[in-house]
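Have a look below at one chain only, the form predicted alone, in structure tokens format.
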Amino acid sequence: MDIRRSSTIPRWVIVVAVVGAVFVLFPLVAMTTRVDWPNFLVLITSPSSVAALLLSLRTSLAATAACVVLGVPLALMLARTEFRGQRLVRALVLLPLVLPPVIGGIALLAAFGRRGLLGQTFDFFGVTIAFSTTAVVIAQTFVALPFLVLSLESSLRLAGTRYEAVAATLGARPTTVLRRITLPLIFPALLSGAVLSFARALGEFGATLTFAGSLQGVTRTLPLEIYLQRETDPDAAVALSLVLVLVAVLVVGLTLRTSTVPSLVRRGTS
């Protein structure tokens, strides 16, 4: 492998970096050797697998939309305002990044379950959230939202406020500045954050299982289907796992592609 090394990087760093890359890639390559290739299409197109995949796509798209609706204002508030307790709010918003998903599911049950703080009110009106498709979307949004907020807040701080300040001095209303200046400026970061949120929602397992359960066609997403198939049909579990890996590779590729756009946006607005 031909690697062009910078004169400021020691050779041993390159060696360790290659070992790290192999450590990540080797298990994925090894998984491809366990796939039953002659029956691959049959394994991934069984009724339960297709139902789980379609449910995962629907709920992940809905969760991504919810992340955008909630995440953009959150990122704007954290990046463009100052208030007491701001660091605490930021830490709490980003908490699902480090929180075990199962604990997130338990927290969601405490909030939206039939005996939860809000769940009791919903149940009084005949609305049940836990163990429903809505619960899947909520669980996915809970774990995926920090990815979009973190991406947008970093982009907003990097972009600065000079263009917004100029527009404001010219008499533009705050909403106009947001719509015509801020959002176009951070659109690449918004797109990248949305793609990452979609990927995180698509792969969510722990919070979904705890809060939504595993009912086929209703709450059993693709990761849950893989977990169940691992015990009954290992070949199907490996094949479906490969499908998720391919989706993840596509998502990472889209994210890297969109990350090259911000410089073009800044160049075009200067």
Partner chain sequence: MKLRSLPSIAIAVAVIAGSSACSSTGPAVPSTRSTAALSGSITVFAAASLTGTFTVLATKFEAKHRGTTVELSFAGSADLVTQITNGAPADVFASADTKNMTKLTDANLVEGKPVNFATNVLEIAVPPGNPASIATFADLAKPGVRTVVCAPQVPCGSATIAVEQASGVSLAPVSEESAVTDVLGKVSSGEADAGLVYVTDIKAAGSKVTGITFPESSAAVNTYPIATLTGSANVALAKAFIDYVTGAIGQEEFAAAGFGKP
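Positions refer to the first chain, counted from 1. Note that this is a predicted model, so its numbers are computed, not measured.
Separately, the form predicted in complex with the partner chain exists; it is not shown, and the next lines address it.
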| Out of the stretches listed (215-223, 60-68, 235-243, 36-44), which one is close to the partner chain in the predicted bound form, meaning heavy atoms within 4.5 Å? | 215-223
| Looking at A199, L152, I138, L109, which has any heavy atom no more than 4.5 Å from the partner chain in the predicted bound form? | L109
| query | Among V195, A189, V72, A130, which has at least one heavy atom within 4.5 Å of the partner chain in the predicted bound form? | reply | A130
| Looking in the predicted bound form, any heavy atom of R114 within 4.5 Å of the partner chain? | yes
| query | Taking heavy atoms and a 4.5 Å cut-off, does L228 contact the partner chain in the predicted bound form? | reply | yes
| message | Considering non-hydrogen atoms and a 4.5 Å limit, does the partner chain approach L209 in the predicted bound form? | response | yes
